[in-house]
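Have a look below at one chain only, the form predicted on its own, in structure tokens format.
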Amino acid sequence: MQARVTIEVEAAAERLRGVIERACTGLVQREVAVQLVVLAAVAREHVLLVGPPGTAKSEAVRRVATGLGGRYFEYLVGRFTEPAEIFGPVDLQRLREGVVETRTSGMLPEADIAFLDEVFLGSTAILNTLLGLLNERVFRRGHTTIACPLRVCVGASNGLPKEPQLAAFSDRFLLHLFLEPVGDPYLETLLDAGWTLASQARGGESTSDDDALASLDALSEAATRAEVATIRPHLAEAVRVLRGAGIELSDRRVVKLQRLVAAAAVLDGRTRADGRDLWPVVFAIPEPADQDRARDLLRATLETSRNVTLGSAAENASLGPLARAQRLERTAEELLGMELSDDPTARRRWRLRLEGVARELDAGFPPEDRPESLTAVRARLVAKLEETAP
């Protein structure tokens, strides 16, 4: 029985892996955002993306939503946004009968995946309604009370709110990811990817997997049954270390961390959590500076972090060499296995990506610290670059 459950979990994780890979195609340095949205969806939690305008926050979420399928709701919240624009208008016919009901068709209460841009600009009425919806998956307004199918809500903002009254609302987003513009070494890749994305948009291309949402639900169910007892003492110790350094995590966030650990395990194809799955604790820390401190404080705890489905997120959280090496090997193998096109532009783009992997490999792994498997991959990269030199 246990073997069959594990096989089913592995199959579901493999399907979501394909969704993630397609969503990440052409998105430069946004793999972590994509992967955290999927992790949160499996854990039935929510994500806050914080970063300046133009850092592909909305694009990353749209791609995940497209890949997973289901009903998607997106809205740019402003200071004058009315609750009806997000939750639906009052049913006028029912209002004439003296009953206040909301028509929710096509609105947030009926969405499987939601994205709220500039979420902290919402009015008190909007934020108070969202509090219950995000926490309980129930929408209440007037005489309307409905269960919501919401798997994950992603909020986005240019910065964290400073007002104390918004702290409770911010805490409903268990995962916080802080984004920066793409780094200078990747600008050529960004330009190429941006041009390709624009061409695809003009062509109306989109890809979805009809079974992906069912696989996500299967993993969510498996995560609730995952074995976490053996990892619980290690998670508690990590929280003690953080609190001892002045990094506070509310009791609510500490309890919910178990969901993230279990979700990370099943997305790696396992039904038992272990030390490889502790890395989400970093993204559950609300402040960017504290996240950086946590990476250092928990370096020894997180050095074994890895996840075959969420490799970039595990690497980002842990900065662990095993996670980095795994991701570089996977990327290199993908590029080396591609069939080369006769089109000069396509070949140039392929070489740029290959050169980028080689540069990152050399910068991150000096020869004396380089795993044997990565040394072999590097030799193949160099040989292929020499072989295909213009």
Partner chain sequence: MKLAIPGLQRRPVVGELRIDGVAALGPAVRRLLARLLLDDDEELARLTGVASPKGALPEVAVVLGPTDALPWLEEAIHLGRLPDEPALLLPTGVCPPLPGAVLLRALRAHAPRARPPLVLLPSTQHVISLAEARPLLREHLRKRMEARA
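Residue numbers count along the first chain shown, from 1. Take the two forms, find the largest set of C-alpha atoms that superpose within 1.5 Å, and that set is the rigid core. No experiment lies behind these values; they were computed from the predicted model shown.
Same protein, other form: the form predicted together with the partner chain, not shown, and the subject of what follows.
Think of it this way: in the model of the complex, the partner chain has a heavy atom of just one of 140, 243, 299, 232 within 4.5 Å, and the residue is 299.
The contact with the partner chain in the model of the complex, taken as any heavy atom within 4.5 Å, belongs to 319 out of 319, 148, 308, 134. Residue heavy atoms within 4.5 Å of the partner chain in the model of the complex occur in exactly one stretch of 361-369, 38-46, 58-66, 333-341, and that stretch is 361-369.
Mapping the unseen interface onto this chain, residue 17 falls outside it, with no heavy atom inside 4.5 Å of the partner chain in the model of the complex.
Residue 324 belongs to the set of residues with a heavy atom inside 4.5 Å of the partner chain in the model of the complex. Though the partner is left out of this view, residue 346 does not reach within 4.5 Å of the partner chain in the model of the complex, counting heavy atoms only. When contacts are judged by a 4.5 Å heavy atom cut-off, residue 237 does not count as touching the partner chain in the model of the complex. If you check the partner chain in the model of the complex, you find a heavy atom from every one of 352, 382 and 390 within 4.5 Å.
Residue 378 is among the residues whose C-alpha shifts by 2 Å or more between this form and the one not shown once the rigid core is aligned. The two forms, fitted on the rigid core, differ between this form and the one not shown by 2 Å or more at the CA of residue 369.
In the core-superposed comparison between this form and the one not shown, residue 344 has its Cα shifted by at least 2 Å. The gap between the Cα atoms of residue 270 and residue 370 is smaller in the model of the complex, by no less than 3 Å, than in this form.
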